[in-house]
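A single chain, nothing else alongside it, follows as structure tokens in the form predicted alone.
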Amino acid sequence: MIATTELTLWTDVFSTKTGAVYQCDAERCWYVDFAGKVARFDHRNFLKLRKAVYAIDIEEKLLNTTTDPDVEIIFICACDHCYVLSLAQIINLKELLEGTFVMLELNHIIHDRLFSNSL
């Protein structure tokens, strides 16, 4: 559960039915609300999380007919958080991160356009 005072400091970057990503300028970090927990990431670890999730070959796992469990452990070096996710959760997390980084890139493009036109 996220406290109301924390939410006032956080900016909603992107959200889906299964999770949300918030930006906190005061702490210079990101908060990922997913799979029943809220995890804090600095910029470097947030990029590592994206890289780890994008590296999972979901199609290969879906087509795999072995009896391996459909669970993936996402552990990021130098980070306190670990995710143990099913394939459906991985797809949801990937969707959340893709949307988040699209929004961040869009914000960056708008910022560049506004300041490049003002010069």
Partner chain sequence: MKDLLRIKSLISSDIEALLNQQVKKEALSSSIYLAMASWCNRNGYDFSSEYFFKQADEERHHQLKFYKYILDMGGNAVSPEVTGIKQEFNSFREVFEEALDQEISVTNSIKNIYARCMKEQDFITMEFLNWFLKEQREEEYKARRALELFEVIGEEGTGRWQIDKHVGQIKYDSEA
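These figures come from a predicted structure and were not determined experimentally. Positions refer to the first chain, counted from 1.
There is also a form predicted in complex with the partner chain; it is not shown, and the following applies to it.
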Item to complete: Would you kindly say which of 29, 35, 71, 91 lies with a heavy atom within 4.5 Å of the partner chain in the predicted complex?
Response: 29
Practice prompt. Would you check, heavy atoms only and a 4.5 Å threshold, whether residue 61 touches the partner chain in the predicted complex?
Written response: no
Discussion item. Taking the partner chain as it sits in the predicted complex, is residue 108 in contact with it (heavy atom to heavy atom, 4.5 Å or less)?
Written reply: yes
Item to complete: Would you check, heavy atoms only and a 4.5 Å threshold, whether residue 97 touches the partner chain in the predicted complex?
Response: no
Discussion item. Under a 4.5 Å heavy atom criterion, is residue 20 part of the interface with the partner chain in the predicted complex?
Written reply: no
Item to complete: Note that the partner chain is not shown here; using its position in the predicted complex, name the residues of 26 to 51 with a heavy atom within 4.5 Å of it, in sequence order.
Response: 28, 29, 30, 43, 44, 47, 50
